[in-house]
Ligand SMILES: NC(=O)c1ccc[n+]([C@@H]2O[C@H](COP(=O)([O-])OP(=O)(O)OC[C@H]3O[C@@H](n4cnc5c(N)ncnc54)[C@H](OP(=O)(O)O)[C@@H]3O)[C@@H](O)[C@H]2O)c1
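What follows is a single chain, given as structure tokens, in the form predicted on its own.
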């Protein structure tokens, strides 16, 4: 079974594996496809779904699929942009973005709302943070959150304004680990994203997409001889000491089932965990964070 954990001090309990809903905005999918995937996720013990307004029809489709079972799910989304007629990264954009998400998701409250890759200088101005805090006070949002990486992630943790952090963490990108450890020590919930690092072991040759190519080069440089790299990557992220839950973005029930089996297998063996830490310490310092 997939373990459940407290999402920091938010009062929410989440599965150690969460469903990243970026792919659910694909026009090729039907509402029935989304309903079936959520149904299987629920059977596997997954109770967190993470979406965003930049994921096409994802929010609206989730809203229809979750009708009648909303209380069984922890729903996470994002704000900061994409409100018609309103400038991005302003207080009104946050306030209206929350209202937009409530409508699309067909719910009276949002469990977790992130400022999505909000620049550090915007965080420090305070306007968007105050607007999100107001939404929490109004009962429209349960947990104010930040999704981002590197210096901006550190600024968000240090601000004391958030209950949950979402950031990149994988065996090929451990740059955020110290900041996420700080977040955990301060009782913040931590959601790990990009945990498979685009699964570079899939490719025989360097792929064309820049993000996939970056991870592919890292994978070759890391020289990790892993019998089951995908399972290892999932177990690394989901059972990292700083992490509450790790997201896997998929439209496939088969892939979700395989991920659930990997996470349910528990933490990595000590020898493997030590190898991943050592190899990143040796070679990862030359790699820039992928944001």
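Positions refer to the first chain, counted from 1. All figures in this text were calculated on a predicted structure; none of them were measured in a lab.
This protein has a second form, the form predicted in complex with this ligand, left out of what is shown; the following refers to that one.
Look at 153-161, 88-96, 198-206, 133-141: in the model of the complex, residues with non-hydrogen atoms within 4.5 angstroms of this ligand sit in 198-206. The contact with this ligand in the model of the complex, taken as any heavy atom within 4.5 Å, belongs to 251 out of 239, 64, 40, 251. This chain is displayed alone, yet in the model of the complex one of 175, 193, 218, 184 has a heavy atom within 4.5 Å of this ligand; that residue is 193.
In the model of the complex, this ligand stays beyond 4.5 Å of every heavy atom belonging to residue 25.
Residue contact with this ligand in the model of the complex: residue 116 places a heavy atom within 4.5 Å of it.
Of the heavy atoms in residue 263, none are within 4.5 Å of this ligand in the model of the complex.
Although the partner is absent here, residue 247 sits close enough that one of its heavy atoms falls within 4.5 Å of this ligand in the model of the complex. Contacts to this ligand in the model of the complex (heavy atom within 4.5 Å) from stretch 160-178: 166 only.
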